[in-house]
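The chain below stands alone and is given in structure tokens; this is the form predicted on its own.
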């Protein structure tokens, strides 16, 4: 479990351009849950997740993992929380793809055989061919760099997987493939997953709970259905709801007796129910 206790983070504190990125945030992330973080650009999403393994330290407050402060060095917490940053270039630095993915396992003091096994597993996980292992990651496309960044975290097999816009730079098929693999990994390994995304369809399809940030504060928190059934509140802070939800709200306005839906699977079920109801009249 990860707990945020009264966490405030101020960039450039005391300077004329200081910015409050997090303002007295209290949150809990339970073991094994899949959480979505949404909010407008600048609302504090990336700052929030970069505190989870000590990449950033709070100005005030603290973050606890299993009751231990993540900012204290030497506790080994960093290996338990793997973060894929919004821009893969920010975390890629090694000379070859193999060295990049192997970096984490090497620092975990694993033997060479286990390191090779984990590199191969991570490459398969993100769908990249083994023949690029000796290639410089900087020579790859943006989408491939994104996959390498994800692979380098997966190779450490962290208990908590934090993904900041993980599908950025991927095509439609690539986005679906990566998120489905992450979802299956979450279910199989009981891994806690925290997904930062501006894509409401992705959030609706995969996460169990949603946290909404606005102006450095948590303004809403709840299950997916609870959050997306508040379209007016979301729109007031510059967010939207999944497009399929918009379509069914239109049907409601037209007088059809339909439930609120947020995914294509839910929409199909509800559509056939509605069709059957109309045919029986």
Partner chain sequence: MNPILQEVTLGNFLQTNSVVHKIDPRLKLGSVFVYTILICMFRGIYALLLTFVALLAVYKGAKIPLKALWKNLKVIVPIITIAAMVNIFLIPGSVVFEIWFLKVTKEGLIFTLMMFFRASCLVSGTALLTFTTSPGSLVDALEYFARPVRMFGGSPNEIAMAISIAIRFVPTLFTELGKIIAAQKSRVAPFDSPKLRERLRAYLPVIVPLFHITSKRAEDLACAMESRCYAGNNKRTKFRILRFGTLDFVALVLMLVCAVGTFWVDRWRLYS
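Residue numbers count along the first chain shown, from 1. We call the rigid core whatever largest set of C-alpha positions still superposes within 1.5 Å between the two forms. Note that the structure is predicted; figures quoted are calculated from it, not measured.
As for the form predicted in complex with the partner chain, it is not shown, yet the points below apply to it.
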Determine whether any heavy atom of residue 53 comes within 4.5 Å of a heavy atom of the partner chain in the model of the complex, and answer yes or no. yes
So in the model of the complex, is the partner chain close enough to residue 141 to count as touching (4.5 Å, heavy atoms)? no
Heavy atom to heavy atom, is residue 100 within 4.5 Å of the partner chain in the model of the complex? yes
Wondering, does residue 156 line up within 4.5 Å of the partner chain in the model of the complex on heavy atoms? yes
Quick one: find which of 176-184, 196-204, 110-118, 90-98 has residues within 4.5 Å of the partner chain in the model of the complex by heavy atom distance. 90-98
Return yes or no for residue 180: a CA shift of at least 2 Å between this form and the one not shown, with the rigid core superposed? no
Tell me, please, whether between this form and the one not shown the C-alpha of residue 92 is shifted by 2 Å or more, with the rigid core used for superposition. yes
Inter-Cα distance between residue 89 and residue 178 in the model of the complex, nearer or further [3 Å or more]: closer
Cα of residue 57 vs residue 93, shift of 3 Å or more in the model of the complex, relative to this form: the pair sits farther
